[in-house]
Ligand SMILES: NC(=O)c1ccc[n+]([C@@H]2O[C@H](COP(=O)([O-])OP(=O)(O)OC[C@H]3O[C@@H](n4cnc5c(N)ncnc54)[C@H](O)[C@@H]3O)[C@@H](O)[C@H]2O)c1
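What follows is a single chain, given as structure tokens, in the form predicted on its own.
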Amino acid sequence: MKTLRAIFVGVGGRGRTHLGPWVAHERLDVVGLVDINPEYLAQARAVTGLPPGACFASLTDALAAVEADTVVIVVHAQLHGRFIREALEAGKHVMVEKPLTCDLAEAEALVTLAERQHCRLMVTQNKRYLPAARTLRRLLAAETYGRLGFGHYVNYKARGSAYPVSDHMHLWQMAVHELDELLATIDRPVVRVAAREFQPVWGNWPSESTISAVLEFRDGPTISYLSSSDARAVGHEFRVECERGALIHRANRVGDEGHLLFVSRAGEQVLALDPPVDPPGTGPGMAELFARYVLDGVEPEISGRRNLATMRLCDAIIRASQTGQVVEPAGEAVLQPV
């Protein structure tokens, strides 16, 4: 196979972020467009040059009419599972916007289905590929400043309005990115979780906008996690305490890569961020990772199989919040009261 032919499901909003890179990629080709919004389809046709006959209101119709190898899914998170299943059952590879699904059991079943169908499944969890995350990952893995002990990850997002209605909307729309980044940066599994999902006192969203959690990683490091999409102002700080000092990443504007500090008794040092990985954590980077996965057999960190670790952590946060207990990811045993 020289070129990977794709049907895009969801071509407005976030879908446009992926559509352009696919059109520009020399080994990827867009052959069909699916959306229920005629305006979005018209805009996507302008980007792709496709005729009206390549536009459909359902994936079922597109699969029946268009020869394709893969399906790219960029729709409401609650709909991911049904479209992934339909695509896999038709023998198509799948690239899906995060989260994989909004249910762990469904995600595990879809990964099993993909393997049975000999299809590739990839989730566009791109935050783990950004320079700050990769720099911290390298420094922690090498124990450049000694062993990791503890720290905190805090993110304030001033979104201004709720996400599309769903249960656990902040978890599935924002926190899933941050938790995936944490797993990649610390590069070891979480073994125990205490958590609470909640609304601030002014909150009026249909479901929880904020999460507070304590994450215990294998071999002892513990991270306090606080994240909200209903903050009054933007802010981000990820701080880890190592034996010889603290690594602190801060960013205070949307889209700002921020700066990384090493702070100890000897003073403060600004550290340079590593250059972007190849491919980078962008729309073009996600397209390239998927092309390499399907056409070259190079499995990315964000394959469906590997993304189950992130899904299990999200599931643990839900269970810990609902029960008020400390729980194990991917395990049903309740360990102790919080």
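Bear in mind the structure is a predicted one, so any value in this text is a computation, not a measurement. All residue numbers are counted from 1 along the displayed sequence.
Just so it is clear, the following notes concern the form predicted in complex with the ligand, a form of the same protein that is not shown.
> Verify the flagged residues Arg5, His25 and Arg120 against the ligand in the model of the complex: is each one within 4.5 Å by a non-hydrogen atom?
No residue of the spot touches the ligand in the model of the complex.
> What is the one choice in Gln173, Thr210, Asn155, Thr101 with a heavy atom within 4.5 Å of the ligand in the model of the complex?
The residue in contact is Gln173.
> Give a yes or no for Ala316: in the model of the complex, does one of its heavy atoms lie within 4.5 Å of a heavy atom belonging to the ligand?
Result no; Ala316 lies far from the ligand in the model of the complex.
> Even though the ligand is not shown here, does Thr124 get within 4.5 Å of it in the model of the complex, heavy atoms only?
Result yes; Thr124 sits at the interface with the ligand in the model of the complex.
> How about Glu97 - does it come within 4.5 Å of the ligand in the model of the complex, if we only consider non-hydrogen atoms?
The answer is yes: Glu97 has a heavy atom within 4.5 Å of the ligand.
> Taking 4.5 angstroms as the cut-off for heavy atoms, does Phe83 touch the ligand in the model of the complex?
Looking in the model of the complex, residue contacts with the ligand include Phe83, since a heavy atom lies within 4.5 Å.
> Choose from 108 to 116, 212 to 220, 69 to 77, 235 to 243 the stretch whose residues reach within 4.5 Å of the ligand in the model of the complex, heavy atoms counted.
So the stretch in question is 69 to 77.
> If you apply a 4.5 angstroms heavy atom cut-off, which residues in 34 to 52 are near the ligand in the model of the complex?
If the 4.5 Å heavy-atom criterion is applied to the ligand in the model of the complex, 34 to 52 yields Val34, Asp35, Ile36, Asn37, Tyr40.
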